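First, one chain by itself in structure tokens, the form predicted on its own.
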């Protein structure tokens, strides 16, 4: 899966889960202020990402610090790289 495909999958998965518009999925968007997500939504976001990419991130401290959509992209891409290197 290319980096662009990963970003597209993240954007489409989150847009579908939280009823967001795909054209609003900008890397600089604040997931709380721009998308209106709250702490409970973040739990759902983690589940959506785990399901889409088949890895666990619930215990990751870094996910708790994420505020921008671009940070989610970077986090998932890094996690995929870790997974590939471990296999």
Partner chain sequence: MQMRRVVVTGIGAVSPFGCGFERLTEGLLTGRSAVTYCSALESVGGLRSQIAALVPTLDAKAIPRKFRRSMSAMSIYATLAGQEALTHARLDAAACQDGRTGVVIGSTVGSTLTTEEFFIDYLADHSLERMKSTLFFHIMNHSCASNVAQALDIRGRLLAPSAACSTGCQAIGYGFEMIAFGKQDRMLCGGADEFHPLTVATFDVMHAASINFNATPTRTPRPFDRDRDGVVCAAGSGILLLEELELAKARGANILAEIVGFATLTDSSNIANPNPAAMTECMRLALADAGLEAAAVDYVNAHATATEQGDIAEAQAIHELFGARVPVSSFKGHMGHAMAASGSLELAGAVGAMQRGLIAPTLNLEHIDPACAQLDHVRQPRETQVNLMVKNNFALGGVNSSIVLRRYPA
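Keep in mind the model is a prediction, meaning the values are calculated, not measured. Positions refer to the first chain, counted from 1.
Missing here is the form predicted together with its partner chain; even so, the following discussion is about that form.
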property	result
Triplet 40, 44 and 50 all within 4.5 Å of its partner chain in the model of the complex via a heavy atom	yes
Non-hydrogen atom contact residue 23 with its partner chain in the model of the complex at 4.5 angstroms	no
Partner proximity in the model of the complex: residue 54 to its partner chain, non-hydrogen atom cutoff 4.5 Å	no
4.5 Å heavy atom contact, residue 71 to its partner chain in the model of the complex	no
Residues of stretch 6-21 in contact with its partner chain in the model of the complex (4.5 Å, non-hydrogen atom)	17, 18, 19
